[in-house]
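Consider the single chain below, provided in structure tokens and representing the form predicted on its own.
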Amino acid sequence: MKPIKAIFFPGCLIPIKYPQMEVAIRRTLPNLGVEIIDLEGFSCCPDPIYFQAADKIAWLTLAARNLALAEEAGHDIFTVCSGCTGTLSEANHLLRNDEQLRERVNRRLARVGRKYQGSIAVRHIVVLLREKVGIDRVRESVTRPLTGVRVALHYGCHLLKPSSIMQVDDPDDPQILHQLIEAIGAEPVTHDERFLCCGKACIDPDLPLDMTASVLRSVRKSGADCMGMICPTCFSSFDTGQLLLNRKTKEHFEVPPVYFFQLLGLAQGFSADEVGLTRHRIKPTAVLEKIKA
């Protein structure tokens, strides 16, 4: 079967803070027929919230430069962070549909010898699996189904909204993670606060941890073995965030967050160490015990 070629946009957070997620991606995608193309020269996406609010034209210009690099290489981009997906998808949408804005940004890009043309697509990696690889092929790659493992789903904010731009799934009833979790033999678990933000982007000093706690209580109530997610920022809230909550409150949270491709790696036969689960602060003990059993 002809390989699926796509340009890997790793972003900042995963390579620097959570390299175990990148390792899991690089181990699992070849088993799905995906050929990863690495490009030199990418910058930060940049940040879809604070940077955009401070200077939208500079934000668009930096995003367009990243897109132009991929256009020159002639392949679509896949992203592994919801924030990166939000920035590059929104920039692609705005620049494709506004000629004056595109010309303004291209005048800036001309200073560094680049030009945005709008010739490529941006896909989050889970969308790449659904649209280019296919859920059946994901299922066929499994050598060790995660039978009995209950995974509480957390979609996060930036992957699904604004839906008219992201076009990933129904923001009120998303199914893409459900389908992928089922494909690796695990049980997707919905819970009461599955649509609540992890809180990371909130500036208020107390609100972020309060929101994180609300989600964790909901997951704990559901009886899931772990949380399944596709955003490193959300992972930070639920991994390091639990340690902060356990110091701040009398509650003791022990709800392990896991990036989806680490779960996929386990299902493809890789060890916990090979997909970086040993690097997590909150270890997915119940998941590993069920796999071992």
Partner chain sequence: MEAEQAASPHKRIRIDFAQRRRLLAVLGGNHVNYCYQCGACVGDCPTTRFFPSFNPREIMLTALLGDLGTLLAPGSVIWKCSNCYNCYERCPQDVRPVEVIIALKNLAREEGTHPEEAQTIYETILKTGRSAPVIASLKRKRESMGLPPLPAIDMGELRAVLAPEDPPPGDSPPSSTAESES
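Positions refer to the first chain, counted from 1. Since the model is a prediction, treat every value here as computed from it, not as a measurement.
The form predicted together with its partner chain exists for this protein as well; it is not shown, and the discussion that follows is about that form.
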- Query: Taking the shortest heavy atom distance, is Glu193 within 4.5 Å of its partner chain in the model of the complex?
  - Reply: yes
- Task: Determine whether any heavy atom of Ser236 comes within 4.5 Å of a heavy atom of its partner chain in the model of the complex, and answer yes or no.
- Result: no
- Message: Within 4.5 Å, heavy atoms only: does Leu243 come near its partner chain in the model of the complex?
- Response: no
- Message: If we define contact as a non-hydrogen atom of the residue within 4.5 angstroms of the partner, is Val142 a contact of its partner chain in the model of the complex?
- Response: no
- Item | Single option in Met211, Leu153, Val138, Ile120 placed near its partner chain in the model of the complex, where near means a heavy atom within 4.5 Å | Met211
- Go through 179 to 187, 155 to 163, 128 to 136, 219 to 227 and give me the stretch that gets within 4.5 Å of its partner chain in the model of the complex, heavy atoms only. 155 to 163
- Query: Can all three of Pro15, Leu39 and Arg114 be found with a heavy atom no more than 4.5 Å from its partner chain in the model of the complex?
  - Reply: yes
- Task: Heavy atoms within 4.5 Å of its partner chain in the model of the complex is the criterion; list the residues of 49 to 72 that meet it.
- Result: Ile49, Tyr50, Phe51, Gln52, Ala53, Ala54, Asp55, Lys56, Ile57, Ala58, Leu60, Thr61, Leu62, Arg65
